[in-house]
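Only one chain is shown below, in structure tokens, and it's the form predicted on its own.
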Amino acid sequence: MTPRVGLYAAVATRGFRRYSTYRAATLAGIFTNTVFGVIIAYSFIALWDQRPSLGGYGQAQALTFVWVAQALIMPVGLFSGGIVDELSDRVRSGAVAIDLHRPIPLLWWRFAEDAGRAAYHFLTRGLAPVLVGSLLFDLAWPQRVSTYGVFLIAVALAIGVGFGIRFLLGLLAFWVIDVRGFVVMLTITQVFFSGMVLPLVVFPDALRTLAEALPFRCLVQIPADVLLHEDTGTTVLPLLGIQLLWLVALLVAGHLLTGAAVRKVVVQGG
């Protein structure tokens, strides 16, 4: 392992351990995700009883989508927080100057740290509610082991895309005093256009076209489609290609915006 790779691994491990200390918050989050998953699942049962095969999903596929979405809320940062709050706070306090003098670029340092955070949440707040959901409902699990492997790749890319979006939002703190309004706007947009509220496959054509042109479907809809592709017949590689394209685009944008941000000096306060 090269020193640089070892450093990234250490930063990711630090992020994992940091969030693993909040055990009470993790348990509360598992409970919350499970309760909301049950509520949404019964809503979907009522909807699919009236509209069987809605959007090409059977009821089992729709219920599986519910629990995949619940599992991904925290890993992909669907409700923002994390890097957005921390980066904006450090910009306001001036502590970001320390970050900029670390041995690796700010973008990659934060990416590694967020990967550790996401891994912890996926293994706890992600898997636990899905286990409960599988006990309460008849879910559509893939038959091939390879499907689970490809699904994990889709989840990893979703985590990367989620980080890229939130990192760009955090960088706005270099230009605006308070990013909280932008955080609220992003949260609403992500939740709706990611498929969290309702699978994008059931959206009206015009709205679905808009949703598919945005990066947010990479967060929930695409990982769910990858997991369900044995039943729905969806082709996997183009979906992974879309995620990879957005990931590269967002990271490049983050790199360029970071360069522009550090050349801008703003004095806040009296």
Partner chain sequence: MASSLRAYGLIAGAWVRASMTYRASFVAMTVGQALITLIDFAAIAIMFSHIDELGGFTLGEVALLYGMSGFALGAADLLMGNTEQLGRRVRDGSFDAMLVRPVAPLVQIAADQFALRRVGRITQAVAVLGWGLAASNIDWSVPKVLVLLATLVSGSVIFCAVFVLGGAFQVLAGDATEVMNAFTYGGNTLTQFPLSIYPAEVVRSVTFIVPLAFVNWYPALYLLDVEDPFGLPSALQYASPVAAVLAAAAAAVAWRAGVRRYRSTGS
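Numbering follows the first chain given and starts at 1. Values in this document were obtained by computation on a predicted structure and should not be read as measured data.
Form predicted in complex with the partner chain: not shown, discussed below.
Not displayed here, the partner chain is approached by P204 to within 4.5 Å at the level of heavy atoms in the model of the complex. In the model of the complex, the partner chain lies farther than 4.5 Å from every heavy atom of L244. Using a 4.5 angstroms limit between non-hydrogen atoms, L198 touches the partner chain in the model of the complex.
Shown alone here, T32 lies within 4.5 Å of the partner chain in the model of the complex, counting heavy atoms only.
This chain lacks the partner; the member of A95, M185, L135, V145 within 4.5 angstroms of the partner chain in the model of the complex by a non-hydrogen atom is M185. Put simply, of W108, W141, W175, F192 only one has a heavy atom within 4.5 Å of the partner chain in the model of the complex, and it is F192. If you check the partner chain in the model of the complex, you find a heavy atom from every one of F36, A46 and G181 within 4.5 Å.
Considering the partner chain in the model of the complex, the lone stretch of 235 to 243, 23 to 31, 58 to 66, 209 to 217 in range is 23 to 31 [heavy atom distance within 4.5 Å]. Taking a 4.5 Å heavy atom cutoff to the partner chain in the model of the complex, the one contacting residue in 104 to 141 is R125.
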